[in-house]
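The structure tokens that follow cover one protein chain in two forms, given apart as structure 1 and structure 2.
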Structure 1
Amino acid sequence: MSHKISDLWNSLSDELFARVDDDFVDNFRTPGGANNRLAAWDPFDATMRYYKFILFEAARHRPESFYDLYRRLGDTSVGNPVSVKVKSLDINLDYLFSVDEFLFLDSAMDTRSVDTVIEIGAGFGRTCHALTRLLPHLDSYTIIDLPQLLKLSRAVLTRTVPDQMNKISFVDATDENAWRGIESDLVINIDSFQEIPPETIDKYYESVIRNAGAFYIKNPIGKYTPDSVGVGTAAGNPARLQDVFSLGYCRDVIDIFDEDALLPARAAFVSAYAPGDDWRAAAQAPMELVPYYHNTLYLRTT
């Protein structure tokens, strides 16, 4: 009796395993190699499989308070994001981050004392959306951003928090006179100082951050090379890559998948972004899902 083999493995045997020689054995587990048919999936995957597994596992292992807070956000689906279902909630990555950020802040300071917030670089407005829902006593929230991004955040927030729009101000980042000297209880920068020239960050410190009572930052602690994440350096734009390496305060190139490299870079990050001698780092922690990002809350000491 002949042993029946699936058509799938008949073709795979002919295509991938017809020549098992020394060169094959040396390389069959590299990205794009034959091992994706034997064991682990290939690191290069054209599907959303890895992304959704990571999001699903992250969403499943949050504290119970996370889900209560997420429910309070209301509609998080504007823009048609990828989501997973946990605790009967459609959870997407952007707002998973937003609730995590709130939990970090709430554990480190009395968020009930925050009446005014300034956010430098708000993206599409997810943090503003979250905080205006989770801090119902908030009096004002000011977004400083590029004109094109202000148009986006205004459009998104009009849909997600229409009842809060009277509290939200949109300030053109390119007009320094519009934001020079403004004050707030809390200044926030999430994932944008690493894309800003150091001399521009200096101006934000001088004119905005040092006027606040607290400063929360979550940004990368260093730079990484494209090849370290599987993108050939030659495939990128060399001029743009050079520009990226010149931005932010933390510009050392590190291996973001080496814990021994991350530890000193975290300490350097906390030191580099401290607003001054009269401030202290009241709380800090690596971002759980992407540990080369670091959360730090600085509080004024005088």
Structure 2
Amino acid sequence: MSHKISDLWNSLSDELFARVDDDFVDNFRTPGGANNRLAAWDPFDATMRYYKFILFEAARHRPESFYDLYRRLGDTSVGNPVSVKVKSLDINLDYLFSVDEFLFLDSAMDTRSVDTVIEIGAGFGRTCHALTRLLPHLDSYTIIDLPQLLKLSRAVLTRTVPDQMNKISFVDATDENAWRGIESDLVINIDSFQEIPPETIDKYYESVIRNAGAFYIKNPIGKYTPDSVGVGTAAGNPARLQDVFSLGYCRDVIDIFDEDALLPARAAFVSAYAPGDDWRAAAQAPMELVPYYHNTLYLRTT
């Protein structure tokens, strides 16, 4: 059975992630680097000032528990990201998201009971890094991703959590037999289903998510037009834009800067990604910095 990948990720993995070697890993999170396709947007505006002010403001206004958790992550600087300094910690946006995501999860479920995790679409592995450090009883963490990105997450995790590598498995998403039927306490999808064809997401529900006890998703609640963020439509690639509009379960075009538009789209998101009738949305919250992304934790009821 062939595994359908979006045109977007076909070309990204071929062009941008074709050579994941040491030089690539040294610098892929530098401004202008390939990481702008993964965890964080590219800091380039005319300068980095705009980006750094947003990051600095966010880093200065986290709950007190955030800083202790962040410190426990250890080295968050692989790939050479931009950071700001708060409470003597070098904080970057990727791992600020990771600690926020952990805090959401921890407020919604007993994270001490999580032994096994599967993550679909892990990027460079920041969530795996964070959870192997923050979940006290974790036995295994399985990443399902495209081969080129597995090479990247393996390389990064080897540097960031070398002592945890015996718990981490890397599974090729394109080999569906390798993941069909696998089970875990918790399945995670962050910022990936929005870039995956709906029929492929269906397979992840059938073969992975519905086997789990809990499912945590953080993804966009809709699509937006390039002009709403100041990009002229003519400047974009129309075929790629069409591809992006066909991906994920939440494909309505919304004004992501209109709170009235976000409210119904959030409700539609929670319903669209529910794994089934025997699941409930135990907790949900908009992402703080980028409120057209929504966090939801679903728990099995039976």
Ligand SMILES: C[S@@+](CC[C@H](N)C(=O)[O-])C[C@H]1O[C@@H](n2cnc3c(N)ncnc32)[C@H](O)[C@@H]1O
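This is a predicted model, so every value here is computed, not measured. Under this definition, the rigid core comprises the largest set of C-alpha atoms superposing within 1.5 Å between the forms. When a residue number appears, read it as a position in the sequence of structure 1, where counting begins at 1.
Shown as structure 2 is the form predicted in complex with this ligand, with the alternative form given as structure 1. Once the rigid core is overlaid between the two structures, A283 does not reach a Cα shift of 2 Å, moving by less than that. At W9, the distance the Cα travels between the two structures is 48.2 Å after the core is superposed.
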